[in-house]
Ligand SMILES: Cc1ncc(COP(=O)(O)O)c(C=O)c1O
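The chain below stands alone and is given in structure tokens; this is the form predicted alone.
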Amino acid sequence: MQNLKSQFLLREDITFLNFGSFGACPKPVFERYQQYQLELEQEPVNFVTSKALKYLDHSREALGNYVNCHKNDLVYVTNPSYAVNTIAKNFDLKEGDEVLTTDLEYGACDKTWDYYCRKAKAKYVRQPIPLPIESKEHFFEAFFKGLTAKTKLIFISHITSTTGLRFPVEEICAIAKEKGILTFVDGAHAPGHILLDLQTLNADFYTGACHKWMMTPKGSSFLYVRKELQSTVDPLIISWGYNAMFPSDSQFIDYHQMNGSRDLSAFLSIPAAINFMQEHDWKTVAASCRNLVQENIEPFCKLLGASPLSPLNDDFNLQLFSAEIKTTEPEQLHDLFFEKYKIQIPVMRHGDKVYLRYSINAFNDQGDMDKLFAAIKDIKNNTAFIN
């Protein structure tokens, strides 16, 4: 993996162990991004009115092939939170309806569903998942205790943020389909992290971030909607795509793609990111990253006095690993890691717990983890930040 470090723009003096929050662009992808921005500025009118739609079509086709869906079944959004808001605002909730999720979801998404459920006098059910998870069967047993006759939608992460756990969404989508319940999978951490096949997954709604593990410029994500449901999803912004003067063959695309002036360059760079991964045999790179994650779990947990949150296999753990850390000042601890030890690593609150999460990508090596372990030991010996 070390030979790919030169391909990234990350600062040499920073040990970057937070790829899960924001990915980093490889140089060829960032260069393609800047080329689009330059082309836009050199002739903005021609770019926006003539070239942009063709470029977007090409980009969506590349992404559709990558995640195995038709290009017209996905639209670009700036981030998964935007996608969640789009679906939540459009979802036809009635008083007494329920949306089932876990108590381990991303905070911004929790807030979105809580807002729209309260507005409709519906119920957002954050079903507790006991940690550690013992098995998939243990997860299913805990999760489906929250299912009732009033459940209209299951909203669930593919890979969680604070705990870094992969959830068995394939099985959940299949069970929901049998019961006639719609599913919405928050795949913010999935594209580029795991093999994603939207046809096989069969979720009704799916959102993924390209600017995390796919390594595209920031502000590039997508929303997938099953074709039969696309007519139920209005855009957050009504603009030229409504009753379009020159409509495409997809109202879904027109409505959500043509919604005002914005820099599309991040979206257009997605094919370059896919090409980069193909050129560098990303399946092998990702396997090496997972091995490095696994090799460091035992010393990491031992240092923190923590236990793994799940069985240690690819069903639950990939290129992210979180463990509970005993601290009353997580924000200050994060700043200490960064300012004193030059380590970028998230220290995240979730309910009454705090998690320290490391992530591994193509530029990391064992030396990065050794620096983290040395910093943790020093902090424990010389400060009160870690109990």
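Predicted model, so just to flag it, every value in this text is computed and none were measured. Numbers follow the displayed sequence, beginning with 1.
Heads up, the form predicted together with the ligand isn't pictured, but that's what we're talking about next.
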Thr86, Ser161, Thr183, Ser265: which sits within 4.5 Å of the ligand in the model of the complex by any heavy atom?
Ser161
Heavy atom within 4.5 Å of the ligand in the model of the complex: which of Ile133, Val169, Ala176, Cys109 fits that? Just give me the one.
Cys109
Does His256 make contact with the ligand in the model of the complex, using a 4.5 Å heavy atom cut-off?
no
Is there any non-hydrogen atom of Ile270 lying within 4.5 Å of the ligand in the model of the complex?
no
Going by a heavy atom distance of 4.5 Å, is Thr101 a contact of the ligand in the model of the complex?
no
Taking any heavy atom pair closer than or equal to 4.5 Å as contact, tell me whether His189 reaches the ligand in the model of the complex.
yes
Among 278-286, 124-132, 153-161, 198-206, the stretch whose residues bring a heavy atom within 4.5 Å of the ligand in the model of the complex is 153-161
Does any residue in 80-95 get within 4.5 Å of the ligand in the model of the complex, counting heavy atoms only, and if so which ones?
Pro80, Ser81
